[in-house]
Ligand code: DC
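One chain follows as structure tokens, the form predicted alone.
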Amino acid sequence: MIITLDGPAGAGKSSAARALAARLGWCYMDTGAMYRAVALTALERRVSLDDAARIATLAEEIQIEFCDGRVNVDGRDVSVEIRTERITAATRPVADAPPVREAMKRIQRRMAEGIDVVTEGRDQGSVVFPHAELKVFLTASPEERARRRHHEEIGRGLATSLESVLESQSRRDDGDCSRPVGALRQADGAVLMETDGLSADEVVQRLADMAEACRRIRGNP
């Protein structure tokens, strides 16, 4: 069974997907980390970020694995490296390249074959897994998402204002919705879930309830 969580930045889909997968005992697929891993490898191998065809081939050549909350590339833990500002900047052109997205779609589908998966991103329900048994579009108001992100940044010791976070988020939302491929949108048949006023545990509980209801309908144990 496949559950997809799509939604805008700051909606809490990554933490919700990770917690839901842990609760269900399923695989958690962090697609953003996958694109970051490809960008890191491209930089390390001195592949131009403009060479979409070569990067797409590179994505097919490397082995990306999720293990106990870590992201491994060819057996090497890159969990910390892929979260640096350098990799964040490099990931955008990689993720915007149509050949790379096609390659990643094939890779993600292969990874999900024959197993139960919770996957999250922008296009998981709309493009990668349009026939997923449960598709959820997780969102919250711009103010709520900015407040959460601001809280996270303060926790990391970053001196940012709520206003600057909201402005940056608005630019990212515009960019995510207008991407040439993999644009953010609610997939056909996806359940819209607004998380304003909900705790992280409440979000996961509602998702778990949806998953259980879906499994009962499908006749799964």
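Keep in mind it's a predicted model, so treat the numbers as computed, not measured. Start at 1 and count along the sequence shown; that's the residue number.
The form predicted in complex with this ligand exists for this protein as well; it is not shown, and the discussion that follows is about that form.
Here the chain stands alone, but in the predicted bound form its contact with this ligand, taken as any heavy atom within 4.5 Å, falls in 122-130 among 109-117, 122-130, 138-146, 73-81. Just one of M193, A190, L58, A33 comes within 4.5 Å of this ligand in the predicted bound form, counting any heavy atom, and that one is A33. For the options R54, R185, R45, R179, the residue carrying a heavy atom within 4.5 angstroms of this ligand in the predicted bound form is R179. The closest non-hydrogen atom of R92 lies within 4.5 Å of this ligand in the predicted bound form. This ligand is not shown here, but in the predicted bound form it comes within 4.5 Å of a heavy atom of R101.
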